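Listed next as structure tokens is one chain, alone, in the form predicted alone.
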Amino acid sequence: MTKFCLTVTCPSKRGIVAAIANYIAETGCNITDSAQFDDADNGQFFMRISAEAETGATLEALREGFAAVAQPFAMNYEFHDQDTTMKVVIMVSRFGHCLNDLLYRVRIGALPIEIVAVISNHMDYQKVVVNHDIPFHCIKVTKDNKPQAEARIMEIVEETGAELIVLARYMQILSDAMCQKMSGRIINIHHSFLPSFKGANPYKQAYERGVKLIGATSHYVTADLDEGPIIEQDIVRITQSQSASDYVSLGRDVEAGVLARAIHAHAHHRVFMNGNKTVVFPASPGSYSSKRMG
């Protein structure tokens, strides 16, 4: 039985939900989960449906037939096979907590992704990655070779068929050209609760301001540093007793969890761009369950 999700964005208008639900039912499919949002500020409508094709309808046939439903509402839509995994390239520098967390989650089947390559500008995690039977690429980046380094990165992305790049504490700023080429397909983890403490050394900035909580933010990468649409955030409370080094240690767990949840949302097609913001729908029942333990 084909399991799929349908994502829809269009101008808000009466009858959208009814038209979609009727089509799903008429094609022999059963809706198992549904979420929608109507943005009153800009008049945009967003919807995500999980469904099962109970009478043998194929995704190709569903896509083709849905065009007639979408046209009167000017819908942008996609059908996604829920049994496929998203191909991902992870990029990392010298902090490995997010990388190690993602490797574990993928190993136990808690994330619907396939890590097709890990790219780093250092050799620190080569053995860890290779031990997971994942190709590792060390691409040094300097002021003089940055265009060539990024060209090699994009070669790996294209050769592997990667649909998403994850910056798991990759401490190099990507060029405007790469950000634009991969718009909506690069996710970063920033170690602060944006929009506070952008740029380098946010924990030191937070410590010097005497904040009472620190956080992490996962967002899509744009040409503007740490300004991309936010997908996921979380915080941890701290007191005057913690040092700047404590901030770094306490922040690791928050960063890893926030990044994993952002990837989970993106891979399950739960994230919709809405100007400089995102609409993120809740996870479908069972989508967080692991396929195996340990």
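None of these values were measured; they are calculated from a predicted model. Don't overthink the numbering: it's just position in the shown sequence, from 1.
Keep in mind the form predicted in complex with another copy of the chain is missing from the figure; the text below concerns it.
- Of the candidates V211, I134, C138, I173, V211 is the one whose heavy atoms come within 4.5 Å of another copy of the chain in the predicted bound form; the others do not.
- Taking the partner from elsewhere, G96 is found to have a heavy atom lying within 4.5 Å of another copy of the chain in the predicted bound form.
- Another copy of the chain in the predicted bound form is not approached by A117, whose heavy atoms all lie more than 4.5 angstroms from it.
- Contact between K87 and another copy of the chain in the predicted bound form is not found at the 4.5 Å heavy atom cutoff.
- Using a 4.5 angstroms threshold between heavy atoms, A110 counts as touching another copy of the chain in the predicted bound form.
- By the 4.5 Å heavy atom rule, the three marked residues T2, L59 and A74 all fail to count as contacting another copy of the chain in the predicted bound form.
- In short, of 143-151, 79-87, 102-110, 181-189 it is 102-110 that has heavy atoms within 4.5 Å of another copy of the chain in the predicted bound form.
- Of all the residues from 209-235, those having a non-hydrogen atom no more than 4.5 Å from another copy of the chain in the predicted bound form are R209, G210, V211, K212, L213, D226, E227, G228, I230, I231, E232, Q233, D234, I235.
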